[in-house]
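This document starts with one chain, in the form predicted alone, laid out as structure tokens.
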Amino acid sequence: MSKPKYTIAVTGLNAIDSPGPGLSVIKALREAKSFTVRIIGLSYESLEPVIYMDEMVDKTYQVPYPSAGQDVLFDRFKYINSIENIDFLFPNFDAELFNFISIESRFKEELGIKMFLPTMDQFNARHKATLYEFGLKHKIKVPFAKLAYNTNEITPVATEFGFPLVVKGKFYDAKIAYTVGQGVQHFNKIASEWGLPILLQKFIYGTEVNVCGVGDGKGNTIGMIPMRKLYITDKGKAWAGITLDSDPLLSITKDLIATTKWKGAFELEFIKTTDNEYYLLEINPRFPSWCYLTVGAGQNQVESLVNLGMGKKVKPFISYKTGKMFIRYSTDMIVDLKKFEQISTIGEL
């Protein structure tokens, strides 16, 4: 029996020092066993490296920034879809998910483009600003945090929590402050890029461990793989990591997906303390940039998500390989200026 061929569009093509998940998602799609793919890249800027990786992306289109609104986004996709006839779409940035979730049904009904995203209630419940209350509801330890709208709030929060203090943006970025001055510096830098409010969070000492997985929206965990960060950049991003054998972490994850009936991809970020307690730091409502590690560990979670979105029956993964590492690296590509000019001027390549 021949395998179906899907045209799949992917955002998050910025494979830089703070990489988007797009390249890892595409690599996983290229290794899918149950279907073949034509990959449509969706870029926001002309210098996103994956645009120029011909072996990864068959064609690229620029799309409007999330701030342009849902109508502008839909009109752009209406044009792209008239050419490409897209079957499935992977939004890979937190900042764009609100728009895509809001018009997910419209994409499916009017354009025939399927997605498999969290519900709006699930998306809102796991925001950094409300994560502490989320933890209380689901009986998961979460470091206490406060929202701040100006730098004057740093001193009283630091007096309450002590130093170091974690300063977080509402979408991305997290920095550790050891003094009020550092806190002010981090606050202003993150606010200038991601806006207000800023989250001031109590620092928890321990080891960073993450879980990448997929929920089917009915309470079942289709796949989950825990990873410990081995090397972290100055932006807090994992540059190397290794799969773990961690029954407590898997149990926490499975229970959380069951109680929330999480739909779609997720990344859970934890701190494991020296007392073997797990504190949940973030829930990212999409695949992380290291999700290609799941393929190497025996779970192509990206492939499973597509099959869920296409209405196929998907069996949960029951095992994975421990001791599998990913190591990220940077390289130079030689690109013809004409390609840069084309994507910059007409928005297609």
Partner chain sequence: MKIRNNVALSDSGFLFNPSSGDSYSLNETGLFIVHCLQNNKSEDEIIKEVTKEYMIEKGSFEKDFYDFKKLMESFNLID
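Residue numbers count along the first chain shown, from 1. Worth saying up front: this structure is predicted, and the values here are computed from it rather than measured.
The form predicted together with the partner chain is left out here; the points below concern that form.
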Q) Pick from 222-230, 251-259, 119-127, 190-198: which stretch has non-hydrogen atoms within 4.5 Å of the partner chain in the predicted complex? A) 222-230
Q | Position in contact with the partner chain when the complex is considered in the predicted complex, options 95, 184, 148, 244, heavy atoms within 4.5 Å | A | 244
Q) Of 272, 237, 114, 170, which one comes within 4.5 Å of the partner chain in the predicted complex, counting heavy atoms only? A) 272
Q) Is there a heavy atom of residue 70 lying 4.5 Å or less from a heavy atom of the partner chain in the predicted complex? A) no
**Q.** Contact flag, residue 316 vs the partner chain in the predicted complex, heavy atom cut 4.5 Å
**A.** no
Q. How about residue 34: is it within 4.5 Å of the partner chain in the predicted complex, going by heavy atoms?
A. no
Q.
Given that the partner chain is not shown alongside this chain, does residue 323 nevertheless sit within 4.5 Å of it in the predicted complex, heavy atom to heavy atom?
A. yes
